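As structure tokens, the next two blocks hold two forms of the same chain, structure 1 and structure 2.
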Structure 1
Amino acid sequence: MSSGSENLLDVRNLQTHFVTDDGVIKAVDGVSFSIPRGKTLCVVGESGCGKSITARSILNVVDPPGRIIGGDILFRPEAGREINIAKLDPRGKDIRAIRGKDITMIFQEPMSSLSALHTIGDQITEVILLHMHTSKQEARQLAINALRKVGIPRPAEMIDAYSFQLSGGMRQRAMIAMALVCEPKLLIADEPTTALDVTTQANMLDLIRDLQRDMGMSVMFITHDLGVVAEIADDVAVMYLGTIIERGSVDEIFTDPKHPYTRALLRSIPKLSIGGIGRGRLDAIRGMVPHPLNRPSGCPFHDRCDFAVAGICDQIKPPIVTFSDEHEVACLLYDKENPLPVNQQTVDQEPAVEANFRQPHSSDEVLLEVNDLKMHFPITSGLFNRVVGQVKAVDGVSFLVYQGETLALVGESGCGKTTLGHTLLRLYDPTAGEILYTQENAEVDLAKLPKNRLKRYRREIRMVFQDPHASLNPRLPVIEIIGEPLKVNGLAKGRALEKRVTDLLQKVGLRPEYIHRYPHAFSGGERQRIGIARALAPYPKLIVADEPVSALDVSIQAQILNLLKDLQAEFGLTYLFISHDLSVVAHISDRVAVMYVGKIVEMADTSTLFEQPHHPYTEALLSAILHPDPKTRNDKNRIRLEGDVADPSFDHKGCAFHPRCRYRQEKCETEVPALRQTADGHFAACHFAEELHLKGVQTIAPDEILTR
């Protein structure tokens, strides 16, 4: 424990419990940490580890039945003044004077964290009027200034906008303006960039960092993304099941992680590096975070730990071992008084990585050929709902999908990638174009096929959805969910159906006994497995996976990505993998197509695209990737994309990307660039593809890759 008196915040042995009918949930169970003035502490861990509850406890705004039942939260707004927040009445005047003024919070979902019925300005001036003695006019002026400071264009107008009229990035900026308008001493940010695009995320982190420097405030940043941690943290605390199992400076955590959980988290991230692009198997952490009601005895992590020793780790609560002033670990491996019967060698030993590297797929058998596909949605307005425009969600897209490959579709939200996926399945009727699907050496145009003849193709082309909670019917048991496509297509019934469903469950790594359970009994990762089993059920050929891992924790994400790869190898599946996460795309796909405003702007095989992009948009996307390595932080050469994805209902003159492009020339404003071959197997839609020398991903030498 660092000597406390000059820290802005010292949390000691904090306990926040939820008393429920089923028992006491110890969401935060003895957490201690400090935040020095002007520094950033990142709290990381999987979901369900108590990160958010810890953050909310600091302001004592935990929803009932949650309650702080023990510990101290010592807050020192000025030198010599110390307040123990844990001891204040959660509804009293004293804590309300701190909330919103000295300590403020921003949240993950700016849409739901702002009231849609009140203007942005109303919600910002409210804080000012609460904590500062100003008139309404002055408060409004302060709010406008705050909006300007966070980079909202035309703040004097935007102050009267409602949250739903702003884009995701702008909403989060408004949220930050609201949190910073009273110049707080501590900003608590609870996953503030998780719901945003990579490009917006990078801008947001810059903004928080700049404001922190200007205002000298401290930041407590909660995230599950280790790339973000490496980018902004001074100190890191790793949480598992309501306790901090390791904390230290950002360099210590990334270069010398001690706790097996920290190491496992770092290993489970897909890494971008030469040679590493593509195809290794990810080291997933087995199992998942248990429900806090079933907390394992002894070390909470012992049931998922590769180094756990029976009889010790499941019995003894690990003591805190200190490595340096800041670096502390709660693990029995390092307990000097009570050493484990393993030698240090095993700890540092690399777990065997399965040699499952695979050459990029070289089949030239075309499974799907898409030609100039368009999906426009009419915009209606006025008295008689006249069509006044078109949202050109997909606007002339052509590509090939080869048998057995994984083609990734990437781009910011709003670029049309999901609509394209849905159109391929004929969930929409395309406006124009062809979707030629090869079946037994004959081609069928799915775009023009009448609805009643689609059934057969819907069996062969299947979909996996993003949200595993929303995409499973909560009223159906697993056997019905997975068995439905079999029944509908008359592939199996009765015993045979049950047999097939149990086989599928085993294939996706779930126990066959679960066949009669309902979705609510499963965790997010398990539900996604059920979703995959449902897609697999009728022996498909092509699977369209729409952001299948973006709602999952890194550790679970690694499990699902490994599963998808195994299934592809076993059944010879072809994947169309839609994602905004370029690290995941680099890991799973053979080829990548980058979309922007309804069009493909670049397409190439994965390593070519990552190493030598030919379109400035791809370059910017690659540049926005945050590497889980503090050495790459605050890269001055990083490209920042300003503004949002262009409006797909607008008729763009010239290249749709030109307003955000750093290389734009006159020609870009007038002439639409066509997608053309710029190198062998490499397509780009940029007038200057050959002349520009665009930068690919930062290549990290293999020995620097974090593999510990």
Structure 2
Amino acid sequence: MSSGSENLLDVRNLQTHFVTDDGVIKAVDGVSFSIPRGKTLCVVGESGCGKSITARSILNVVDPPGRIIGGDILFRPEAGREINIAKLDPRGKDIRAIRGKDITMIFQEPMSSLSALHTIGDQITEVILLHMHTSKQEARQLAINALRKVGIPRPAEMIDAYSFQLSGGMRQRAMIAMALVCEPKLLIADEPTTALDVTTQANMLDLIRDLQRDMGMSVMFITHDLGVVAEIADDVAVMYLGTIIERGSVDEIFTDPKHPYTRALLRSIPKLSIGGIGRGRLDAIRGMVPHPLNRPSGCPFHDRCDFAVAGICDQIKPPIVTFSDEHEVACLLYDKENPLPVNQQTVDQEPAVEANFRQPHSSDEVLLEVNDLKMHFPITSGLFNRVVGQVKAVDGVSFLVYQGETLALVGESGCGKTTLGHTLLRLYDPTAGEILYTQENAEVDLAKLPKNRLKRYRREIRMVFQDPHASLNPRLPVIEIIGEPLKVNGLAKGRALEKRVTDLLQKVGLRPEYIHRYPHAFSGGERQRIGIARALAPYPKLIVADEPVSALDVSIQAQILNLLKDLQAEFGLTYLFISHDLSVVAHISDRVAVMYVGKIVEMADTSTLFEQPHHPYTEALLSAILHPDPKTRNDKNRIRLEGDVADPSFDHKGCAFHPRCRYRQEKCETEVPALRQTADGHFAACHFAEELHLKGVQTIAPDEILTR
């Protein structure tokens, strides 16, 4: 540990509790850590472990009925001055002077954190006027400079834009500008990159790192993405059920993790290992984080731990064991006074994981054929809503989906992936093109089918949505949520329906007795399992999975990915898997289609595309993947895409990607490249695909993977 004078922040035995009618929830229960000046501490752990409440405690903005009941938060904005934030009045002028100036926070979802009623400039200048002695004109100029620093184009114009007029990446940049405009000493970032594309995420991390270096700022970064941790952290604190169970430098945590929970988190990540893309089964952590009201006695992790010993781990609270000044762990495996009767060789040994989940897909039976599909949305203007343009969300897409395979659809936000998925289900009526679905050796064009005849096919083509909370009706119990498609399609009722629902719950790893519970009683991972069960209910053939794991913790993500593969093997399901997480795509897919501005720009089998891309856009996406390995930090081969996805309402004369492409030539500005075969089973829409020598994903040899 650094000495106190070197630390900007020292948190000592922090306790933040919520007093409810059901009991006392110990959200933060004795947390201690330090953040040195100019350094980055990453706090990791699953949802419900207390990460965000710890961050809110530092700002003293815990929502009622929560409050800090014990501990110290020692903040040193400058040498010789120390403030105990835990002892300040949460509504007093002293803490208000710190919030937004010396300590600021970036939240996970900028759309809900920014006001839709005020311009970006108004919101930033409000912070400036509150904490700095400037005129309104000077505050506006400072806000413009802040927007320029975070890379927002035309800042003098964009300062008058509203949040809904900005893309997700631009909104996040505006949030960062607001947080940093007063040059804080400490920036707290709460899952700021979770919902971002790999390219936008990489740019955000570069931006925060550059601003941190220029301002000498400290950062507390909360995330469940261990690739992000390996990229930016100096120190890492691993939280579980309101306590820190391991703390150390980023190198020690990744190369020599001690706590079984830390090891399990690292093992559950999809890894891009040589010869192993898409094949290995993920080693998921069993069970889930218990509710704080049901906190286990003894070690809080013992009921999910592979090394727990009955009568010891469930009775004795593990002490902090120090391995070095930088590395501490709370685990009885290392306690000399209460040694566990466990062989140390067994502890160090990796648990056995099934080497091959299933053989790569090889069927040549076409289940779905999409030809020149277009989905355009009219842009209207004026009193009479005259059509003045078209948003070409999907603009001439063609591909095949084979029986039993997983075809992944990847690309940045705004590329048309979700619109394409919705169009295939006829949630939108396509503007043009064919959706040929094969049923009983006969083809039917779903694009032209009247709506009154779609019911039968919507039973066989189902969808799993990204947000498991918003996609489940909170007023219906599980039996009605899952049973609804059975009722609508006349497949079951009464006891037969109840049996089908209980069987499905068991298939997706939930208890049958949960059948009468409501969605609010489940965790995010459990709600996603309910969504999968609902999709499976009417015996479908094709499932469109739209970002089904993007909002989940890495441990729950592993459980859901294993579940999807298990169900595919058991029921012969076919998946169209939409995702921006390329590590997940590499793990689950047989083939990959890359979309950009409504068009497919590359398509190939997974291994080929990841190792030998033929389109510059694919190369840039692959280079932005963050590996859970600190050795790959600041990789010089990474390609940073400037700007946003091209406007789909604009008629592009040439290649839509050429303004962002480092290989562009004059031909790219004038001629639209067609999607053509560039190698056996490999298609790309690039004029120079055969001439370019593009780099594939940086793979890690199996003996170099830093998980133990």
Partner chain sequence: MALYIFKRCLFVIPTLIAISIVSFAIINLPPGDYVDRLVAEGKNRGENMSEEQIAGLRTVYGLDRPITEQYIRWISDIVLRGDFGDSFRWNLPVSTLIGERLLLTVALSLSTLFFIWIVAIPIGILSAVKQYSIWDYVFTFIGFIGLAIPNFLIALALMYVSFKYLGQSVGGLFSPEYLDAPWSLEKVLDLTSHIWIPMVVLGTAGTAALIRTLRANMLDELRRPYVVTARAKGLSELRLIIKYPLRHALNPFVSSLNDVFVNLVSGGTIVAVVLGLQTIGPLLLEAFRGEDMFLAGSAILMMSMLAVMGTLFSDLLLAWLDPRIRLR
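Worth saying up front: this structure is predicted, and the values here are computed from it rather than measured. Only the largest set of C-alpha atoms that superpose within 1.5 Å between the two forms is called the rigid core. Residue numbering: sequential along structure 1, first residue numbered 1.
Of structures 1 and 2, the form predicted on its own: The form predicted on its own is the one given as structure 2; the other form is structure 1.
Core-aligned C-alpha movement of Thr119 between structures 1 and 2 reaching 2 Å: The answer is yes, as the C-alpha of Thr119 shifts between structures 1 and 2 by 2 Å or more after core alignment.
Rigid core fit then Pro485 CA moved by 2 Å or more between structures 1 and 2: No, the C-alpha moves less than 2 Å.
Per-residue C-alpha change between structures 1 and 2, Pro77, threshold 2 Å, rigid core fit: The answer is yes, as the C-alpha of Pro77 shifts between structures 1 and 2 by 2 Å or more after core alignment.
Core-fitted comparison between structures 1 and 2 - CA shift at Ala143, Å: Shift of Ala143 at C-alpha, rigid core superposed: 2.6 Å.
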